[in-house]
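Have a look below at one chain only, the form predicted on its own, in structure tokens format.
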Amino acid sequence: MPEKDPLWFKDAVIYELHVRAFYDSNGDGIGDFNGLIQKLDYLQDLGVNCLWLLPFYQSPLKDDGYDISDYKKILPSYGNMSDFRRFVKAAHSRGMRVLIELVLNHTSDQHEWFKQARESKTSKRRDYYVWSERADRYQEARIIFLDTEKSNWAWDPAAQSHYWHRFFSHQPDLNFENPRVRKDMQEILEFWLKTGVDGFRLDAVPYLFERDGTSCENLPETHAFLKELRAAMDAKYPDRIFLAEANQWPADVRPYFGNGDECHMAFHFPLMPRIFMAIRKEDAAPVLDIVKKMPAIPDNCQWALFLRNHDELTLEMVTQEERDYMVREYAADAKAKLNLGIRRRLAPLMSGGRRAMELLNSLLFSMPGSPVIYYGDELGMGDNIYLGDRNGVRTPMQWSGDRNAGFSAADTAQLFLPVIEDPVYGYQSVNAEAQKRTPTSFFHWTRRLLAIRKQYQAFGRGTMEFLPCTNSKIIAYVRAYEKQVLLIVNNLSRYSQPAEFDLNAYKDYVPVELFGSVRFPTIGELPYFLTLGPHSFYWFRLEPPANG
């Protein structure tokens, strides 16, 4: 069982996966909970200690499960409630915690609530949603899915009225002004807490309330409701957590932590695209600038860091100039662009460059926060940008070089999505079985990185101080927690680079490189000099002098 610790999430290494994409146990072409249970040993061997599952609820699957038609039922093709409970128990027995999705903002238009709401203006469910006779309210609210939606209002012929939706038109927004909606959501939360899950990713959380004359994002009412939800959970389940998906600018993300009484974690959306910008520009400035702009967060809170996930590489939280640059550099094929982002996995974004992938993971795993790995990225899996929407990064996990990548015994035509078969990233060349057999594989390198991170709580809980460096291609920082002091140095350039640091504060300390336990020269009064190879990095433990 996972250790009892109310701050466990600070030391979490989170693995994001889609049940239907992970492993098919019954040969119907769709992954399921029984299949996931069979692969828990693989995840334990990799070294992750927290699993985040994409939606697995009853759904028409028009938006890959984010369009929920019943919050308390599991999609039959994934299994049943008994299977889910067995999965949670099996994960816990291996020391892994489980996060699931709580899609607060909207339902599917196939949900019973919406079906009843459409029937008449006097329906008891009518005010579960946001209706209007006119489609010109809330004009200041941006349209999120620009590629598919022209308005945030949709006409419903049955209801003879417009309804509000921030995402797809088949996902009507719930009306959180209605106390019954808030009460029902609290009941749904408790329903899943009773299954033993360790927390929830709160999907699309900035958009819960609407107000005329505002952007309908980050409203005070949203924060009041989150505090209410958090208090209800803490009262019975004090070791469970909320992880906010709030794709906002730094000043707007900070309130989602409240005073340590709202969300425990929030994704660091402002940082993610700037990491990619920094490596392409070979300049530390994008990362340094955004980190320095980030407000301090409460001691009992944590950032969730990520490079890639199930969505596009979003470019909402960058300037127009930065967005143009990123599209130019990373989306040469127009098919790669989606909404305000780029639908690619990590390996194709780095053109398969092993050193660049390792460097990005050095940043992901050493900066303040808890890292999130997207399934398959530990292998360097590829994508298929010619599949619709974001399906190109949600293809079956590549387990082996066998038929269907070892994911399913079904006929190939039955698979929920086709496996990747291109010459570079196809399952014949990129798969877990081959990489587990190869000591120098990206899987084993990632596994080693996770094992090292686990040894030092400074990564998840420590302070961070950037070290000035005259070479702008170098980004270096010190992570410190209790008696642990770590020095991290990253070379953003594709060429070898020199680096010099003033480490006088650590005079007579000895840097010990963490991967090989190699002792470097003792730090003296002169600037400390290092040479880094292309896209390379050092993780050092600074050992105090024997008499220190």
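Each residue number is its position in the shown sequence, starting from 1. Note that the structure is a prediction, hence the values are computed from the model and not measured.
Keep in mind the form predicted in complex with ligand NOJ is missing from the figure; the text below concerns it.
Picking from 291-299, 254-262, 195-203, 322-330 the stretch near ligand NOJ in the model of the complex, with a 4.5 Å limit on heavy atoms, gives 195-203. With a 4.5 Å cutoff on heavy atoms, Asp311 counts as touching ligand NOJ in the model of the complex.
Taking non-hydrogen atoms only, His106 approaches ligand NOJ to within 4.5 angstroms in the model of the complex. Ligand NOJ is not shown here, and in the model of the complex it never comes within 4.5 Å of any heavy atom of Ser408. Using a 4.5 Å cutoff between non-hydrogen atoms, Tyr66 counts as a contact of ligand NOJ in the model of the complex. Phe167 is the sole member of Phe209, Tyr456, Phe306, Phe167 with a non-hydrogen atom lying within 4.5 angstroms of ligand NOJ in the model of the complex. A heavy atom within 4.5 Å of ligand NOJ in the model of the complex is found for exactly one of Asp173, Asp83, Glu245, Glu217: Glu245.
With contact defined as any non-hydrogen atom lying within 4.5 angstroms of ligand NOJ in the model of the complex, the contacting residues in 381-410 are Arg390, Arg394, given in sequence order.
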